[in-house]
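Presented as structure tokens, the chain that follows is alone, the form predicted alone.
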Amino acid sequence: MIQLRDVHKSFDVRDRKTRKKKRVDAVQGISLDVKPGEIYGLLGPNGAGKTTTLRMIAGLMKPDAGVIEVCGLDTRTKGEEVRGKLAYLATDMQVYERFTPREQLRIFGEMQGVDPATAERRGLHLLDRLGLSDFVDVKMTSFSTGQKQKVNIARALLHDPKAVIFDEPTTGLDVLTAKTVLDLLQVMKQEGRAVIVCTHAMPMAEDVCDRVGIIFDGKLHGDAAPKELLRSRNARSLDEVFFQLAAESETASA
């Protein structure tokens, strides 16, 4: 469903002190597969290459080398078709607060080419599943962070995607709202969607992900079921694996 084969991406950045340009290898030879009905946890520190990887999968950025396919479609040449198969929920998505959830979903349904009646039906179903059915026609100016996140989730899923990317889906949410989102991940798994969850919440990844990969310095480590990864690293938690990789990276760069 989602396949990456030896993907590389580099950027030219300017040093703040010297003002000289330097090459940064953000993603270095990452390969992974996410199958239908699987939740894959993509973990790692800030600046490790997670967001760059997600953006390339979503077709928002092209790899320098390697191949990325979503539902058998090459993201470099079939970007528009990929976006029709994929949902990408980023951490910086905002809602239009002057609109109600119904109005916002109707607009995005039109943008995604979803029939108005179908968009209405799907949108109301998703909002009900997320516990927002009583707020469908309330302007979002007074919505909490969790309520806005729920509307964005409904917006991302409105076109019935086969593959889903959630970047930090529970950040800033209270416990009950976070549980609603995690329950929805399980529903999407049962529906046969391929799901990538990018998160800093290691315990959550251990609980909900079928497999996890940890990106460190642009390279993928692990790519295994959480229990298998813990066993191979002789660790008690993913947090401990993370710290092991951090120590190895520091030693290698010393």
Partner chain sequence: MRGAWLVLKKELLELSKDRKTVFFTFALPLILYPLIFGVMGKMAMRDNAQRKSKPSKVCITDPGSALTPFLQADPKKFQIVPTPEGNLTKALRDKVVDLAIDVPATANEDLKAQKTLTVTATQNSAEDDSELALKRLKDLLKDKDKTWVDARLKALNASPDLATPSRVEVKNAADLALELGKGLGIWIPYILLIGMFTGVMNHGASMTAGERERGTLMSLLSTRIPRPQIAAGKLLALFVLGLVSALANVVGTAIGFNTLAGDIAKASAASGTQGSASILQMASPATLGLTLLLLIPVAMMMVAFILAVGIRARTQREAGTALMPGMFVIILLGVFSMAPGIEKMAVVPYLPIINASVAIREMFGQQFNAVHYALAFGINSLLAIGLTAMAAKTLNREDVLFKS
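Note that the rigid core is defined as the largest set of C-alphas that superpose within 1.5 Å between two forms. The structure displayed is predicted, hence computed values, not measured ones. Positions refer to the first chain, counted from 1.
There is also a form predicted together with the partner chain; it is not shown, and the following applies to it.
- Residue contact with the partner chain in the predicted complex: R83 places a heavy atom within 4.5 Å of it.
- Contact annotation: G66 falls outside 4.5 Å of the partner chain in the predicted complex, judged by heavy atom distances.
- Using a 4.5 Å cutoff between non-hydrogen atoms, M140 does not count as a contact of the partner chain in the predicted complex.
- The partner chain is not shown here, but in the predicted complex it comes within 4.5 Å of a heavy atom of K62.
- None of R55, R193, K219, R211 but one reaches within 4.5 angstroms of the partner chain in the predicted complex through a heavy atom, and that residue is R55.
- For the candidate set D128, E120, E103, D183, a heavy atom within 4.5 Å of the partner chain in the predicted complex is found for exactly one residue, namely E103.
- The stretch that touches the partner chain in the predicted complex, counting heavy atoms within 4.5 Å, is 85-93, out of 128-136, 85-93, 174-182, 67-75.
- Taking the partner chain as positioned in the predicted complex, the residues of 95-119 that bring a heavy atom within 4.5 Å of it are, in sequence order, V95, Y96, R98, F99, E103, I107, F108, E110, M111, Q112, G113.
- Once the cores line up, the CA of V24 ends up 2 angstroms or more apart between this form and the one not shown.
- After superposing the rigid core, the C-alpha of R236 moves by less than 2 Å between this form and the one not shown.
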